[in-house]
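Quick setup: one chain, the form predicted on its own, written in structure tokens, and binding and motion questions come after.
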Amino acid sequence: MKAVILVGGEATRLLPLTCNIPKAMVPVLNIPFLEHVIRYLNEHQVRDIILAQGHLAKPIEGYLGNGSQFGVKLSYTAEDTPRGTAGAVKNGERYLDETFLVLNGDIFTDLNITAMIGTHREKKAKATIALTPVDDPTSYGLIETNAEGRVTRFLEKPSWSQVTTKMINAGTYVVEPEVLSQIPPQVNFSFERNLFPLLLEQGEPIYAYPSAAYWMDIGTPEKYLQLHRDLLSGKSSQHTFASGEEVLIGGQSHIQATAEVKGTVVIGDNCSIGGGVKLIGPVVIGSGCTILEGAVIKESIIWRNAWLGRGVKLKSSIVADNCCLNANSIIEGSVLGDRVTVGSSCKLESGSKIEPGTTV
């Protein structure tokens, strides 16, 4: 079984974190997000993977290479202009001569794709779409089905008055290769708005695969933070955090004896945590970070090589690579792009999004 991962999608909602890094490469538990997806596919014996790329492609290839270090074979396609989800897959048609998977590269899920593939074959479907329940379906694509699970209607981003189900398109598909002939070349064409409705109109068998397995897209900073909270509290079967009090410390990292650690905390390699520092999980700290005396870090994600001065207070925030938070600064509910400098005793209001390279 082959898989296409769509990693060239729109990343503006995750700004300013994705100004200089592809969304698929943002760190999750200090590992690039895309690596989690690849390892998940490998566990389901899907090891021939095509990465359909667009924005900022080089960092992805530079990190993943041919995939051998992860036990998979990686191929790459690149778009010169955005062609939508189906257009991006069409771009890799030369690789797709058998039933294949399509995954959005910004979704973390425990979906049992082995069982989904089995259902697809049992139903003799042309396409099978994973569904997941959400509390607010108005930002997603709703899919209505009959009693046998065959799709009867698509509705993209409905108003509340149009909502008839909370089962949404979960961004994972099993597709037969002949479907690719329905996608015009060199055109912006999506699965959700174009291809699937077209197949439905033609009477082709499209089925749904509903699942209550863990599912989260990382399309916004808030959801990115929530993913970390969920993983560190053991809500996903892919990670073993369950106690709520686990501390993982990377190699060559040092924590002063007077530092206080509560909850689940992950610390990368070569970090220095000063005396009197309080780490109140869920907290993730990337490699090469320095946190000086008396700083308080609560429910936050810090990327690599950040420097936090004495008495800094950081809560419910995301701090990207190479940031400098000077003494006694207060950052709450904020998102800092890479190379941001926050002045001494500066206070950032909740909801602040600071562009890379900015001094505040």
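Heads up: residue numbers just count along the shown sequence, starting at 1. The structure presented is a predicted model; accordingly, all values stated were derived computationally and were not measured.
One more form of this protein should be noted, the form predicted together with a small molecule, which is absent from this view; the next part is about it.
**Student:** Should D217 be classed as touching the small molecule in the model of the complex when contacts are defined as heavy atoms within 4.5 Å?
**Tutor:** Within the cut-off, so yes.
**Student:** My question is simply whether P185 lines the interface with the small molecule in the model of the complex - judged by any non-hydrogen atom within 4.5 Å.
**Tutor:** Result no; P185 lies far from the small molecule in the model of the complex.
**Student:** Mark A88 yes when one of its heavy atoms lies within 4.5 Å of a heavy atom of the small molecule in the model of the complex, and no otherwise.
**Tutor:** So A88 counts as contacting the small molecule.
**Student:** With a cut-off of 4.5 Å between heavy atoms, is D230 one of the residues that contacts the small molecule in the model of the complex?
**Tutor:** Answer no; every heavy atom of D230 is more than 4.5 Å from the small molecule in the model of the complex.
**Student:** Of Y95, F154, Y76, F241, which one comes within 4.5 Å of the small molecule in the model of the complex, counting heavy atoms only?
**Tutor:** If I apply the 4.5 Å criterion carefully, the residue I get is F154.
**Student:** Which listed residue (A295, A52, A306, I49) meets the criterion of a heavy atom within 4.5 Å of the small molecule in the model of the complex?
**Tutor:** Only one option qualifies, and that one is A52.
**Student:** Look at the stretches 200-208, 105-113, 253-261, 232-240 and give the one with heavy atoms within 4.5 Å of the small molecule in the model of the complex.
**Tutor:** That would be 105-113.
**Student:** Every residue in K23, R83 and I168 with a non-hydrogen atom within 4.5 Å of the small molecule in the model of the complex?
**Tutor:** The answer is yes; K23, R83 and I168 each reach the small molecule.
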